[in-house]
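Consider the single chain below, provided in structure tokens and representing the form predicted on its own.
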């Protein structure tokens, strides 16, 4: 890769050689990325892609690193960390269109909107990801998903060209979208929300935060919910009924608080987490005949 060319468009302090991915993921696990670049604008992304495409450098797109497990060997090629920030509000008859950069954090955005008496993003206030990552995975909680509020999505393809699509074109499904199946990079979106009551919005967010503290192991590093919900079963319930709460391989543990989470008790390796995931899958299949799927993305 041509580092000299990249340094002409990205300040050196935002270019990290041999970046430890444990530092950039909520699991606090993973080897080094050959190169990690913090991308602050769409133009920077376009220019960087064009340079990397000249010699077909492998690229990996990173948001807040809250839904991934990076292998102990790290990531070959370049990690593009999307830190594009934008926050603009347009009001029309008690309805609001909010334009957000893909690098905006969900929680911070939800609280900003609450302060402006705009309701509808409360469900995401405790999700630790970025807007871009949440759209890609169609993140959701408490009966609402990103697909319910998205109006448009702007993305850059791998050649650096900008495109804009409407909600329906994103092919949203449970924890899935068209962006999970292509190489396009989300840079911005518009969401539609309504006027709300500040106290009611904040009360709902406090209630959700309390629920998370009580039911989820947020005191330990993890990648959030490890397994997807089953079509006709609650995955965490089956794992619990296999007696796996607290089961551990090295420092990777099935949470004692919520069986759907695998946590890092200290110095867990990616290998230990992957072994534990496979063990849990095997036990659930042997006992219930159900195949469970991971919600987190494993990066090799």
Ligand SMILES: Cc1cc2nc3c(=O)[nH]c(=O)nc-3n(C[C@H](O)[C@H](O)[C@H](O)COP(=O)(O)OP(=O)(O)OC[C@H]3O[C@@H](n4cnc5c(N)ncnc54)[C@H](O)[C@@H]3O)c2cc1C
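Owing to the predicted nature of the structure, the values given are computational and were not obtained by experimental measurement. Positions refer to the first chain, counted from 1.
Although not depicted, the form predicted together with the ligand is the subject of the following passage.
Contact with the ligand in the model of the complex holds for all three of 82, 212 and 295, each having a heavy atom within 4.5 Å. Of the residues given (270, 66, 264, 48), 66 alone sits with a heavy atom within 4.5 Å of the ligand in the model of the complex. This chain is drawn without the ligand; in the model of the complex, the residue among 151, 195, 229, 175 with a heavy atom within 4.5 Å of it is 175.
A residue is said to contact a partner when one of its heavy atoms sits within 4.5 Å of a partner heavy atom; residue 218 meets this definition for the ligand in the model of the complex. With a 4.5 Å cutoff on heavy atoms, residue 114 does not count as touching the ligand in the model of the complex; it lies far away. At the 4.5 Å threshold, heavy atoms of residue 98 stay clear of the ligand in the model of the complex, well away from it. The ligand is not drawn, but in the model of the complex it has no heavy atom within 4.5 Å of residue 29.
Partner contact region in the model of the complex: 53 to 61, out of 53 to 61, 247 to 255, 233 to 241, 29 to 37, criterion any non-hydrogen atom within 4.5 Å of the ligand. Contacts between stretch 137 to 166 and the ligand, counted in the model of the complex as any heavy atom lying within 4.5 Å, involve 137, 139, 140, 141, listed in sequence order.
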